[in-house]
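Only one chain is shown below, in structure tokens, and it's the form predicted on its own.
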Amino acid sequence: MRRWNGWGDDAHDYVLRANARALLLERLGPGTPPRDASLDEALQRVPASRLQDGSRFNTGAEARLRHTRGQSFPDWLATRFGRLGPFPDGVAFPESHDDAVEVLANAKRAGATVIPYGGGTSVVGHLNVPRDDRPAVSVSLERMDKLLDLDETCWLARFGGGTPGPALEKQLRERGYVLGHFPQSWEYSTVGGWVVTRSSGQQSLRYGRIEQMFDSGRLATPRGEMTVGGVPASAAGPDLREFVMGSEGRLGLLTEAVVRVRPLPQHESFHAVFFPDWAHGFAAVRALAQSGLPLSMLRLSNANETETHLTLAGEGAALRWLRRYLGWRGAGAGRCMSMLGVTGGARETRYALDGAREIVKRHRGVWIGTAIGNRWAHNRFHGVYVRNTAWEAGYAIDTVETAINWNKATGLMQAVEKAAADATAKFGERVHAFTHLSHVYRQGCSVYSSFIFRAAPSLEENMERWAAMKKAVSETIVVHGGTISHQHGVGVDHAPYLPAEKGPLGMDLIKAVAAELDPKSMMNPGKLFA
């Protein structure tokens, strides 16, 4: 069963090995796990619903609690300490577009605000219920999880907006196709959520971001129904799909999404490469990104992240041998690991690998092969479970991500890690920060940083420390010219920094579009903008 106060299925755990615990002890000091509230304790805090009887919404306490929060760090604290409010006053579970239209009509009659709920994986506060005199309803699209149509001539697949990653790919695979969108949250996040937050998957180098995959969509809005897209290209004015992508529920409910799919690939493999230091790895990854080689994935971990991943993997004979071998090949202390993926036909992938090997060799890379890469691929959606285990050992984890041009990426990475360390030091604490480039483009790359720090005993102390660190790293990103979000959206946590990126007129335009379709601001108020 899915955890109510953590990540994932409660039957799955990530074992924090002794050497990993030793690393955290050395870098941060001993962890003291805060006391978690029980589900019963949390349920006692759920107030009576403000909806009138007969409103057609589920007003049960547990349904409302389970649709109150996502996976942001403030959400994490709220669930762990059992203080989740404000709560939605009811939850709806439409099973079709027509059901969703009726749900919106019911919410409008009740004078309620509406929070769209997909997979509940938001890490920036998309699901927060506003403190409002109006009642609030959560509209869960989880029952809209089917492949509705597959056009094998045009390679287009139409899905219900609440279809999560595993169900989507399973239904496509049964017909011989793949979408190829694999975010870290793939286990639960949904196709509708991907579109409205402008998500990016781990193999975006081959398949593209969600904006390249999204062909068309069906929207239920407070003003009526709306369809966007549906042709391969158009010069007929602004592309209305762009209003839907990144809209974060402010325009309405994305009930159906048509996506561009492909036949299943003949071959796929993932390869690990180690470089002697960041400078060589960074130069190689940029050269690979700008080479035009048909790779499907390219990542680069800095030295801190490389060492962290090797430590988490354990200290068996194979890893001891790997460390000795890398040292002999010139990749000792300061080494940086890169992960490279190839996907496609046999001839295409051979060409990509041959070209990649030449570039890697020029930059002193040590090509290790597929053992580490394929292990990563097998476990790539399990790593997030370490958040549960770390908390139970007394440590907290959060992340921040951005995208920036190549010439500013290294400076931004260093500044973000320093900002987190400086903010944490003001509380007499340390942070274990590490970073990787998770998506690459010819122009630049994404920069994804993780932070591990000791948990404080109270919700208030944890929030104060996190808010200081979040503010410091977000302001650093803005100052260096990065986007405030490459793949996680804006929600409430990033909203203060969006005007710096869009400008005053841009923000006015975004608000005007929302007001046109939602004149009474009933759709997900407080997200993107106040």
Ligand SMILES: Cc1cc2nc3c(=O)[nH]c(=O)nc-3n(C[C@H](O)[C@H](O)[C@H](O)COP(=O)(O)OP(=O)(O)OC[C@H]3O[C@@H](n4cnc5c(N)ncnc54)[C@H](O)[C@@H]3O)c2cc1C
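For clarity, every value in this text was computed on a predicted model and none was experimentally measured. The first residue of the sequence shown is number 1, and the count goes up from there.
Here the subject shifts to the form predicted together with this ligand, a form of this protein not shown in this document.
**Student:** Report whether all of G341, G373 and S446 sit within 4.5 Å of this ligand in the model of the complex, measuring from non-hydrogen atoms.
**Tutor:** Contact check failed for every one of G341, G373 and S446.
**Student:** For the chain seen here without its partner, which of 349-357, 307-315, 114-122, 227-235 has a heavy atom within 4.5 Å of this ligand in the model of the complex?
**Tutor:** Of the options given, it is 114-122.
**Student:** Identify, from the list G281, G192, G217, G90, the residue with a heavy atom within 4.5 Å of this ligand in the model of the complex.
**Tutor:** Of the candidates G281, G192, G217, G90, G192 is the one lying within 4.5 Å of this ligand in the model of the complex.
**Student:** Ok, T435, S185, T402, S204: which has a heavy atom sitting within 4.5 Å of this ligand in the model of the complex?
**Tutor:** Selected option: S185.
**Student:** Would you check, heavy atoms only and a 4.5 Å threshold, whether A287 touches this ligand in the model of the complex?
**Tutor:** Because no heavy atom of A287 falls inside 4.5 Å of this ligand in the model of the complex, the answer is no.
**Student:** Going by a heavy atom distance of 4.5 Å, is S199 a contact of this ligand in the model of the complex?
**Tutor:** Heavy-atom contact with this ligand at 4.5 Å: present for S199.
**Student:** Mark L254 yes when one of its heavy atoms lies within 4.5 Å of a heavy atom of this ligand in the model of the complex, and no otherwise.
**Tutor:** Judged by the heavy-atom cut-off of 4.5 Å, L254 is in contact with this ligand in the model of the complex.
**Student:** Considering non-hydrogen atoms and a 4.5 Å limit, does this ligand approach E169 in the model of the complex?
**Tutor:** No, E169 stays farther than 4.5 Å from this ligand in the model of the complex.
**Student:** Could you run down 1-34 and flag each residue that has a heavy atom within 4.5 Å of this ligand in the model of the complex?
**Tutor:** The stretch 1-34, when checked against this ligand in the model of the complex, contributes only W7 at the 4.5 Å heavy-atom cut-off.
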